[in-house]
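A single chain comes next, written as structure tokens; it is the form predicted alone.
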């Protein structure tokens, strides 16, 4: 049987002779046109940005096409710090630590960690879905929205859930601090929804906080997951490299008495 993907047919499409981007302008070097003489990011001179901006400002510029105003700047900066270190118990940090202590080549430590951080458990997998959910529903009262969710589906709400069986209390602290300092339509709506779901044992997750702030700042849902990975990257890398020069014995290892291996009874009639 022939796979349909093997039957490739040309449709006569003409591909563009060069990439078109609104983000970066490179002026060729007159001596070597493959090198840049100067670089602009959304119209701003790159070297001028180095002198006058924080790194979070330029990240904002890359994705939004403009520098943030003072209020946007502070909210985005605080969000990036809120998400910067998932902590040593997080599976992504554990992956980074394992890669580091296992003497994995250093350039692979962060990609390994970010792959795990892309999962659903306390990771970024549902940031995009959460942003779409909030953008569709934050215009109506959270009480009305909560009343329309069937009981079995309340725990499957993007950006909400449990952490080790209970609502994430530290995520709740982060959400409350961001809300008190900055407000915002979506942040306020998410806090209200969190307050209504918490008695049911469901609470806001860090992915939901990230989604809410990015919605209030005008980011697109497809940008959300990657941005949360970007925010967490320094912490994940630092955890792995901390263990890079440590021996394997610095890792946790269950003692033999914690294991029980059942003996497999051999069939007397079965020969080897």
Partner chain sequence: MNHAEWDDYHGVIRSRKGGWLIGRGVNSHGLDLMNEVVGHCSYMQVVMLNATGRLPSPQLGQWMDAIHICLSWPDPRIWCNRIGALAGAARTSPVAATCAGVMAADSRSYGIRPLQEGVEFIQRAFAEIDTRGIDVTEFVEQEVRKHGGKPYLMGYARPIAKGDERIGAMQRVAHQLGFEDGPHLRLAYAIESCLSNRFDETMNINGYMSGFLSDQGYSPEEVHRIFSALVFSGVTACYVDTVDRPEGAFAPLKVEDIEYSGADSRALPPRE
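In this text the structure is predicted, and so the values were computed from the model without any measurement. Rigid core (definition): largest C-alpha set, two forms, superposition within 1.5 Å. Residue numbers count along the first chain shown, from 1.
There is also a form predicted together with the partner chain; it is not shown, and the following applies to it.
Colleague: Could you work out which of 129, 172, 74, 192 is the residue within 4.5 angstroms of the partner chain in the model of the complex, going by heavy atoms?
Modeller: Selected option: 74.
Colleague: In the model of the complex, which of the listed residues (157, 186, 95, 197) lies with a heavy atom within 4.5 Å of the partner chain?
Modeller: It is 95.
Colleague: Heavy atoms, 4.5 Å, the partner chain in the model of the complex: which of 45-53, 58-66, 30-38, 211-219 makes the cut? Say which one.
Modeller: Selected stretch: 30-38.
Colleague: Using the partner position in the model of the complex, report whether residue 89 sits within 4.5 Å of the partner chain, counting heavy atoms only.
Modeller: Heavy-atom contact with the partner chain at 4.5 Å: present for residue 89.
Colleague: Is residue 102 close enough to the partner chain in the model of the complex to count, meaning some heavy atom within 4.5 Å?
Modeller: Yes.
Colleague: Residue-level contact is defined here as any heavy atom of the residue lying within 4.5 Å of the partner chain in the model of the complex; does residue 262 satisfy this criterion?
Modeller: Contact check for residue 262: yes, within 4.5 Å of the partner chain in the model of the complex.
Colleague: May I ask you to state whether residue 119 is within 4.5 Å of the partner chain in the model of the complex, using heavy atom distances?
Modeller: Looking in the model of the complex, residue contacts with the partner chain include residue 119, since a heavy atom lies within 4.5 Å.
Colleague: Counting only heavy atoms, which residues in 241-262 are within 4.5 Å of the partner chain in the model of the complex?
Modeller: Contacts from 241-262: 248, 251, 252, 253, 254, 255, 256, 259, 262.
Colleague: Answer yes if the CA of residue 258 moves 2 Å or more between this form and the one not shown after aligning the rigid core, and no otherwise.
Modeller: Comparing forms between this form and the one not shown, the residue 258 CA shifts at least 2 Å.
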